[in-house]
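As structure tokens, one chain now follows by itself in the form predicted on its own.
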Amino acid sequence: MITFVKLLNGLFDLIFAPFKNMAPVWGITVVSLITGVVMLIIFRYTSNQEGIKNTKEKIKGYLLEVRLFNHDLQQMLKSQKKILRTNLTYMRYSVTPMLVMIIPVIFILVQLDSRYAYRPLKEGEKTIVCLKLDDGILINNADIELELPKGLKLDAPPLRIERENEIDWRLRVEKSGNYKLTFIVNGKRYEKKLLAENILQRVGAEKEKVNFEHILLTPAETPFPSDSPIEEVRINYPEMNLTFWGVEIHWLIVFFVLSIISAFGLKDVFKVQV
């Protein structure tokens, strides 16, 4: 699974490479439009196109009946019943392609989330880094040290929180760049990235001990090994705000709106019945 995620990371890093120094809206716009086309092609080859076409024609015919016989209540009810039944048939034709499309959409959403949920820190900004230990090791009994690279500075003494079994550090970015934090726990070293370079990149707020869900949903970094004493390290990154014509919009809305516009706008070009 880790290998598969690394391949996906490489593929999306390549797709986003031309946009990493541009405003974030450009990358998500292009990816959303491409996604709409890809979903359109998948829909075409996994759906019953002839059945959908016939169903749509039937619905148009029944709607015409409702209009022509609007003076005949009994006939109108019959036509509306047919419309309802035919709509159910139309929905049945859509189930299979939707089930097929949901798989690539999930992977695309995970990759977008890793780039658009949070932004890297800026020079001068502060953040909290939280290290949570495995339940088998008590925070007050563990020997824990954080090594900082040049460019980051400790802004306050570490705080051990016994109830949460975690230790927190407050850091300040003195110089823009991408860094590696080194945690030394009972003599063993573990690393976590801290990003403070203003480019579009995968920002992993959390790094956990290896597990299937974490590997699938947080592809920004390789997880800690299963025998690690660290359960999780979190960095409080600022949320990313996308601005379209002066209006802040969540990236999920941008993605779904643009991909749907792309798919419906090009369905005649690709001769797809939707």
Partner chain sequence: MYDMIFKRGRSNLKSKSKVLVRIILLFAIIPFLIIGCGKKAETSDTKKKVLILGFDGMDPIILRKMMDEGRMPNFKKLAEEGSFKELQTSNPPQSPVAWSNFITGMNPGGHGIFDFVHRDPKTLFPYLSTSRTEAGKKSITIGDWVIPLESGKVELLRHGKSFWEILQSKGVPCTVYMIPSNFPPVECEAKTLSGMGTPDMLGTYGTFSYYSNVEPEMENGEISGGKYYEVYVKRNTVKAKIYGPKNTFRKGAPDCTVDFTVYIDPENPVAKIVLPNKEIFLKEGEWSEWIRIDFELIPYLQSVSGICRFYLKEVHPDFKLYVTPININPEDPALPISTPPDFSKELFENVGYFYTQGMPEDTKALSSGIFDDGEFIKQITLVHEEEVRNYHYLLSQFKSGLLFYYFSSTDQNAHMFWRLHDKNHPAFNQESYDKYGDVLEKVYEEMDDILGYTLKRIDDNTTLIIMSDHGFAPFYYSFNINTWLLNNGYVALIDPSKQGEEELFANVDWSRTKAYVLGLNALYINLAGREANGIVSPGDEYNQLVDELVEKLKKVVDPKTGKKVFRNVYKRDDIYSGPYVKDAPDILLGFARGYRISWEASLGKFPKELITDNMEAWSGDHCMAPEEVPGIILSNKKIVKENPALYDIAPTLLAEFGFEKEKEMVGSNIF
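Since the model is a prediction, treat every value here as computed from it, not as a measurement. Residue numbers count along the first chain shown, from 1.
Not on display, but discussed next: the form predicted together with the partner chain.
- The partner is absent here, but in the model of the complex a heavy atom of D168, alone among E174, D168, E197, E191, sits within 4.5 Å of the partner chain.
- Distance criterion of 4.5 Å from any heavy atom to the partner chain in the model of the complex singles out D155 from the list E125, D155, E147, D143.
- Not displayed here, the partner chain is kept clear of I103 by more than 4.5 Å at the level of heavy atoms in the model of the complex.
- Taking the partner from the other structure, the partner chain in the model of the complex has no heavy atom within 4.5 Å of any heavy atom of H71.
- Contact check for K56: no non-hydrogen atom falls within 4.5 Å of the partner chain in the model of the complex.
- Although the partner is absent from this view, L159 contacts the partner chain in the model of the complex, with a non-hydrogen atom inside 4.5 angstroms.
- Heavy atoms within 4.5 Å of the partner chain in the model of the complex belong, among the stretches 45 to 53, 207 to 215, 245 to 253, 221 to 229, to residues of 245 to 253.
- Annotation for 4 to 28: interface residues with the partner chain in the model of the complex are V25, W26 [heavy atom within 4.5 Å].
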